[in-house]
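Shown here is one chain on its own, the form predicted alone, set out as structure tokens.
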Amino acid sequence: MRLRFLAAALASVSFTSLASATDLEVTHWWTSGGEAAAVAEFAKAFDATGNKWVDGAIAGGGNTARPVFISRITGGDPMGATQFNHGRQAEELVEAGLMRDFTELAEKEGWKNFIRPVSLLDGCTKDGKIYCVPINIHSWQWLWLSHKAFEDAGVPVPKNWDEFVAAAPALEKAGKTPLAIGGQPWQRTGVFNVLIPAIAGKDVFLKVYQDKDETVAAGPEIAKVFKAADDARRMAAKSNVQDWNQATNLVITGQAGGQIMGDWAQGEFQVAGQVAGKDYSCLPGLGVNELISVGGDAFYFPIMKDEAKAKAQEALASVMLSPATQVAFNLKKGSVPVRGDVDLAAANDCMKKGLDILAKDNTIPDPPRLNTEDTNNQLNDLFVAFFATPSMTPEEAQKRYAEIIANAD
């Protein structure tokens, strides 16, 4: 009798689950090889709930995809869930009452007990309510180096930024592009933002972006950073690719010596079958100041009137933070899980470096978490012009930079 009762109960649960299951469109900008492999882990885990992940990827990165996502949400055609970066990108959507409040689910599952650093969950919180699901920790502060490129050039693999700059002539003589940078605006700004804490230090970085200190932005320490950016501009002069993963591929294939790019580049090395420490090296903080920024991605869930889709949103939010999914996704993405209670024994050498730095709390906030989108766009415009215009001096660029910081929100 008890077995029949249990079977009936299980059948009822299964029927209820299937009856409420539905398709849920999820939008994001993960389209490179490593990114696609990672997002497939989310889709697989969500599909296992009985619902169906409907992929809404838009190529071209956040600058291309984000305006489309926002337009759909504000225009009354919301997706079930959408990716944004940690920070203030969805702030106005939350303030307009267009995003779901997940406070109840977060309290039920104890998100505050395992999401680390706590600032990631704070970034999802508005007026005490939680509006997003942080899914990973990404850091920008990495220099990726091709062992093949330096071997072909007959010089040792650099151990820091100065050695990398010094090796540039040998790389050029061997027909290599010293520094690979794609043409997307955010890549140019990202390079500069990595150079700040590496060259000028953490305190200067925080005074500029956190305190919006115009005097520091116009001062001698940032002048050193613009000198380093001038070196980067010269080394990247023949980097004629557009997308970040195309630049990474130049490093993977030994056509370029290195790339300043976030740890998501690891996914591309992994898909290519390359091994950290053997085929490529990674220098956190450019081998100068070993710190990392704490940024990454989060998912927001627009309010939907359809009850089945609303329940599917909750299922997706829950599964994204499950231990198994966190490990599977982040190992392929190259990022670090937001859960502090998962086993990362399978992490490669570069990820272990990042985990060690994170454990020591040698971190800085990601600039998009400190700046408005308007400020970020102004910085993008400046660095597109700087990298594309050799006649623009570092002094001229720094003057404009200080003006942007002085007027930043």
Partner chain sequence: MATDASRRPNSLFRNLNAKIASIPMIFTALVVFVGGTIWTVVYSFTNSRLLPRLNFVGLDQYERLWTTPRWIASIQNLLIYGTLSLIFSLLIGFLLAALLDQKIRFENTFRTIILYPFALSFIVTGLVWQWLLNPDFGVQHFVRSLGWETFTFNPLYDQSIVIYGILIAGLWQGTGLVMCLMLAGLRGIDEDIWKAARVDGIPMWKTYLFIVIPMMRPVFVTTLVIIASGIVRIYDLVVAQTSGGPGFASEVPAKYVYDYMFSAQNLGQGFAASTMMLLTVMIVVVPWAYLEFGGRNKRG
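Positions refer to the first chain, counted from 1. The shown structure was predicted, so the numbers you read here are calculated from the model rather than taken from an experiment.
Same protein, other form: the form predicted together with the partner chain, not shown, and the subject of what follows.
In the model of the complex, at least one heavy atom of Q89 sits within 4.5 Å of the partner chain. Contact between M351 and the partner chain in the model of the complex is not found at the 4.5 Å heavy atom cutoff. P67 belongs to the set of residues with a heavy atom inside 4.5 Å of the partner chain in the model of the complex. Although the partner is absent from this view, T389 contacts the partner chain in the model of the complex, with a non-hydrogen atom inside 4.5 angstroms. Residues within 4.5 angstroms of the partner chain in the model of the complex, judged by any non-hydrogen atom, belong to 67-75 and to none of the other stretches in 230-238, 114-122, 334-342, 67-75.
Contact with the partner chain in the model of the complex, defined as a heavy atom within 4.5 Å, holds for exactly one of E163, E95, E107, E314, namely E95. The partner is not shown here, and in the model of the complex the stretch 273-291 never reaches within 4.5 angstroms of the partner chain through any heavy atom.
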